[in-house]
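Taking the form predicted on its own, here's one chain by itself in structure tokens.
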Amino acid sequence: MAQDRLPSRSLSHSEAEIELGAAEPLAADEADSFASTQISSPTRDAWRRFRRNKAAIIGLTVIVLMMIMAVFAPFMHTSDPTVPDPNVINGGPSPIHWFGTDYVGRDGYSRIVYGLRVPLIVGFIGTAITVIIGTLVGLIAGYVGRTIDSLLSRFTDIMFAFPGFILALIVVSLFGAAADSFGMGGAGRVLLLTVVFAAVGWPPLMRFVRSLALTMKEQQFVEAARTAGSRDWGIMRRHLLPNMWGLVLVQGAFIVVATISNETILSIFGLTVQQPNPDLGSMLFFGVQNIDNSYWQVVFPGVVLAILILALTFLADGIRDAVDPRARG
């Protein structure tokens, strides 16, 4: 009945303004909250975990500083590392020669700064070539399979039959003198070392990438890409590589450590850059011969080399922990 109906109440103009005014801050807060929310991704999560690893950050900082010093060595209060001074032979650390001088009077600090170039060039450039070759060969072998996989795997087995360090030792011994004939302040031998380490270092990475490709190509996202009409090369480039780059980067970080260590051993044997060009390993070799009365010729290059390898190890461990899908945080 009409008399039983409750009369509807319309809001006045002032009451409507009050309710709208209360709703606007809520909408603004929700918009700000939505705008500040970042979509999570594997790359962003890995970077966040890496930043929380103090040892890895310290290692990265040390490596960057060493690279800056090596690249801009002429501006780092250095002198010519190849010019001897007969007046300060086997001189100890002083305000002029911070790290002392060697057996012919060359400044130790300058030789260390310039000597960083050889392990850094061989380590990082050689590793980059190794990663490219190993990833490409392993990806093709694992994804394509069949005859291509058999051929590439057998070729990798042949490379495994030659011990990497021994092969590098033989190649540098045979062709090192020819590389020196190019001149360029020892750059020819550095180039040879880079190529040798890249050539002998890719088989383990190839096996690792191949195993990843064999596992990933059976996943649903690959099947969906095939159903959508994607070609094999497009699937490898757009789907497989982005999902394995983190693990490959971890392997590459440890390859850098191994390459620099092998280069140092070869330089101690006198098979890398020749005198008077500076190199940390050769400085250790000649410094040991004068360690009785010139300990600084061993201590300073040894400490710098140890810091470099330790920083690289911390960085590699940090990258491994960052890309580990089981990591929390």
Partner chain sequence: MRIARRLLNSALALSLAATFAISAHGVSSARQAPAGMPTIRLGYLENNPQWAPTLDPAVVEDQNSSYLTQLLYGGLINIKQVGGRVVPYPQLASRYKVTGSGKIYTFSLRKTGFANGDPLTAQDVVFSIRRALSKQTNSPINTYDSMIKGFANYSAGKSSYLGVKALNARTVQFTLSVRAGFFPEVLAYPLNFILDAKVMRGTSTNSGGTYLTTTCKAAAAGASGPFKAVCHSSAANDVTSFYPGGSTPTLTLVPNSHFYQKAHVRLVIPAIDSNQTGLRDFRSGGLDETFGVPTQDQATYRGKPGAYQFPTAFIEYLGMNVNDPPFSNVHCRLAVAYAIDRVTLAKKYLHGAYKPLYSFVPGGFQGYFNGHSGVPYYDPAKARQQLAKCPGGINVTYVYRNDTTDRNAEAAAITAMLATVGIHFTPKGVPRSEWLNYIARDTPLSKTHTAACYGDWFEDYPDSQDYFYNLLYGGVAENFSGYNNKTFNKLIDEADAAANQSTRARLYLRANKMMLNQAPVVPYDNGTAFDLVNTKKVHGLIPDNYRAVTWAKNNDWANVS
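The shown structure was predicted, so the numbers you read here are calculated from the model rather than taken from an experiment. Numbering follows the first chain given and starts at 1.
We do not show the form predicted together with the partner chain, though everything after this point is about it.
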Problem - Answer range among 100-108, 227-235, 135-143, 71-79 for contact with the partner chain, defined in the model of the complex as heavy atoms within 4.5 Å - result: 100-108
Handout entry: Among the candidates 246, 92, 188, 84, the residue which, in the model of the complex, approaches the partner chain to within 4.5 Å (heavy atoms)
Key = 84
Exercise for the section: With heavy atoms only and a cut-off of 4.5 Å, decide whether residue 289 touches the partner chain in the model of the complex. Expected result: yes
Practice task
Mark residue 177 yes when one of its heavy atoms lies within 4.5 Å of a heavy atom of the partner chain in the model of the complex, and no otherwise.
Solution key: yes
Exercise for the section: Decide whether residue 60 counts as a contact residue for the partner chain in the model of the complex under a heavy atom distance cut-off of 4.5 Å. Expected result: no
Exercise for the section: Evaluate residue 181 for contact with the partner chain in the model of the complex, applying a 4.5 angstroms cut-off between non-hydrogen atoms, and reply yes or no. Expected result: yes
Practice task
Can you tell me which bits of 243-274 touch the partner chain in the model of the complex, meaning any heavy atom within 4.5 Å?
Solution key: 268, 274
